[in-house]
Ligand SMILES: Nc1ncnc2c1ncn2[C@@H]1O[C@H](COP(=O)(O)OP(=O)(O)OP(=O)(O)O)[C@@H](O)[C@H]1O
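Take a look at this one chain, the form predicted on its own, written out in structure tokens.
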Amino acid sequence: MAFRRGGDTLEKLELIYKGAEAYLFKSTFLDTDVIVKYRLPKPYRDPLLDRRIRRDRTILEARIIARVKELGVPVPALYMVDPEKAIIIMEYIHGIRLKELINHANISTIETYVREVGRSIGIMHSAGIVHGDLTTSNIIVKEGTPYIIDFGLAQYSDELEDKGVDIHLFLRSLESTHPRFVDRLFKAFMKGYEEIVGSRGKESILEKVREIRMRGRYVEERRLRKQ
């Protein structure tokens, strides 16, 4: 696969992630390490509809990344967007995923990182932006700064439900992969979040998270009863 625009050429792509919605490649562009995200066509959809969906989703993701960066949240820089090809070229963040750091670094240091993530999400939520897939795998720490990545499911929303889902997903990722540190890290996250949204905003979102968790337990209990 090669991508050309104007006099610039992007080639020798190294596939680093193969997902259901998109492939991620590592490459170089203008002598800079980059990630190339290519949204895959869906053969079961009408070709014209598929092209429009992939185009619109690419535009939305790029706009959200640009807006979040304007807000001061550490995210990859955008280098090029081609909506017609459903391609985004963005900065490759040289760092370590938070998921990997948690089990190897000093827990107090991790708390500092997670608190900053909480602040970043508080800033995004205050601006009406939700991430949609907030896990410790989608946070990369570079030189002491946690960067939020993968905005493929991000959207504009002021709904408390959508914001609650963000927080719930982060809590679930802690519970599933870092059970020893759940309480400390979630507390640090919410402390950072509260610094942006205030105590009332924090309590509202925590109430929504509790509601989401209760709904999940209810569905699981009904599923088990039917077995």
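Predicted model only: the values in this text are computed from it and were never measured. Residue numbers run from 1 along the displayed sequence.
This protein has a second form, the form predicted together with the ligand, left out of what is shown; the following refers to that one.
Look up in the predicted bound form whether M214 has a non-hydrogen atom within 4.5 angstroms of the ligand, and give yes or no.
Although the ligand is absent here, M214 would stay clear of it in the predicted bound form, with no heavy atoms inside 4.5 Å.
Residue-level question: is V81 within 4.5 Å of the ligand in the predicted bound form, judged on heavy atoms?
Although the ligand is absent here, V81 would stay clear of it in the predicted bound form, with no heavy atoms inside 4.5 Å.
Classify R97 as contacting or not contacting the ligand in the predicted bound form by the rule of any non-hydrogen atom within 4.5 angstroms, answering yes or no.
So R97 counts as contacting the ligand.
Should N138 be counted as a contact of the ligand in the predicted bound form, where contact means heavy atoms within 4.5 Å?
So N138 counts as contacting the ligand.
So the ligand isn't shown here. In the predicted bound form, which residue out of V182, A62, I35, V197 has a non-hydrogen atom within 4.5 Å of it?
Contact with the ligand in the predicted bound form is made by I35 alone.
May I ask you to choose, among I107, I123, L101, I149, the residue with a heavy atom within 4.5 Å of the ligand in the predicted bound form?
Exactly one residue meets the criterion: I149.
Pick from 189 to 197, 35 to 43, 160 to 168, 174 to 182: which stretch has non-hydrogen atoms within 4.5 Å of the ligand in the predicted bound form?
That would be stretch 35 to 43.
Which residues from 12 to 31 come close to the ligand in the predicted bound form, meaning a heavy atom within 4.5 Å?
Read in sequence order, the residues that approach the ligand (within 4.5 Å, in the predicted bound form) are I16, Y17, A22, L24.
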